[in-house]
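Just the one chain here, the form predicted alone, laid out as structure tokens.
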């Protein structure tokens, strides 16, 4: 093969790789129209924000925002995500505002502009109903407290830890925090009083050994210096709904004596009642997996071929890519793509796009190594024989070596597909409601974590078992064709 043709084939591969990734990384808004505000909220913080059985987001914050938007005539879309992720999204200007029972604190006021307060609440300590050891804060020495990341409860627990020998376990959502206490892993939990009181009202076996603390005022937040008109409309609308009684009606609906208690169904009842939501979450999981894997299959093959070319430059590029992307934890990569990239380049990327990019970048690195291994497993005599017959290097690789390598790689590629499918659960940290996050949302309203995690695990098991059987069938067919 001539040097000129060799360079042409190398540059062609490099061009395809560049086109693939620059196309993938194009900035998009994605989540809302330009004239629609995107508002972050928590996903599991009943009674302020949670999803009901009809799949609608409800709660004090959600209904208050809806009433204010109607009063002021602006449009918005909710971006449900974990509380700490919501704070990062707001700081990165990925969302326009945030309403999530957020306490107005001096530290947060350094980063965000807050509305007029719309609720006041303090943290409270809760323990298991049958826990007779803890009757006050003085009994906390040597105990473990569960808290939610970034909340006033977490700050209060840190203050208690200065006076008592306390270990602190941090969680991303309230429902998981409660379950940690009920399972006996933590001795107590600290959360805002109305949230904990609502959970107990719904049947959670917890009690309060102490009275609630004096609390913070809740406020609607925008990023420092951003969206002042949205903040003004919120304050004006808040004043109006306070005056006409709408605010009192909303609070009474969730915290008053007439508030509804959700019925607790059995295992099959829980599955039947939430079948639609679970299938929606599964469909989103499969879409994420299929799209990301398709991109990774092409990109991974290209980078894998880089490792097999005579070019030292492409060898180094492939090695650097694989080393870096395999060394970065997926959750860190997800945060980087969704929060850091927008801040660095002044662009906005939807959570779904950031999720696809994250999975694609990560999976590409592993597929590239599988391609490299598959090519190395093909006898070198195959390439030499093809070249001796006058085939150019690129044609010999494409027509002779790569088809044999593909047969070797099929089982590992399907295994990688399974891994990618399971990795989608990590993307819930940036607000993607896939199957695992759907389970968390259902737990937040039903408080039946044991049954729900069995259901979610069973769905994953069915899908992965089918994929494993497919892998085995493909492998047997390829073996018969050899």
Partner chain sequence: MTKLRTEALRKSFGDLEVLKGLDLEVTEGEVVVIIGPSGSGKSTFLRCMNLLEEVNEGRVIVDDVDLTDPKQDINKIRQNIGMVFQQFNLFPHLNVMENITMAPKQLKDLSGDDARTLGTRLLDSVGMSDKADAYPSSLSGGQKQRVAIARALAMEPDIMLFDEPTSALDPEMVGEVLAVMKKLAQDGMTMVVVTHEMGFAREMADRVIFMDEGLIVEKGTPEQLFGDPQNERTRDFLDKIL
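This one's a predicted model, so the numbers in the text were calculated from it and none came from an experiment. Numbering follows the first chain given and starts at 1.
This next part talks about the form predicted in complex with the partner chain, which is not shown.
Here the chain stands alone, but in the predicted complex its contact with the partner chain, taken as any heavy atom within 4.5 Å, falls in 399-407 among 399-407, 336-344, 101-109, 206-214. This chain appears without its partner; in the predicted complex, the one residue of 163, 379, 248, 138 with a heavy atom within 4.5 Å of the partner chain is 379. Taking a 4.5 Å heavy atom cutoff to the partner chain in the predicted complex, the contact residue among 384, 244, 232, 75 is 384.
At the 4.5 Å threshold, heavy atoms of residue 390 reach the partner chain in the predicted complex. In the predicted complex, residue 395 approaches the partner chain with a heavy atom inside 4.5 Å. Along 125-144, not one residue places a heavy atom within 4.5 Å of the partner chain in the predicted complex.
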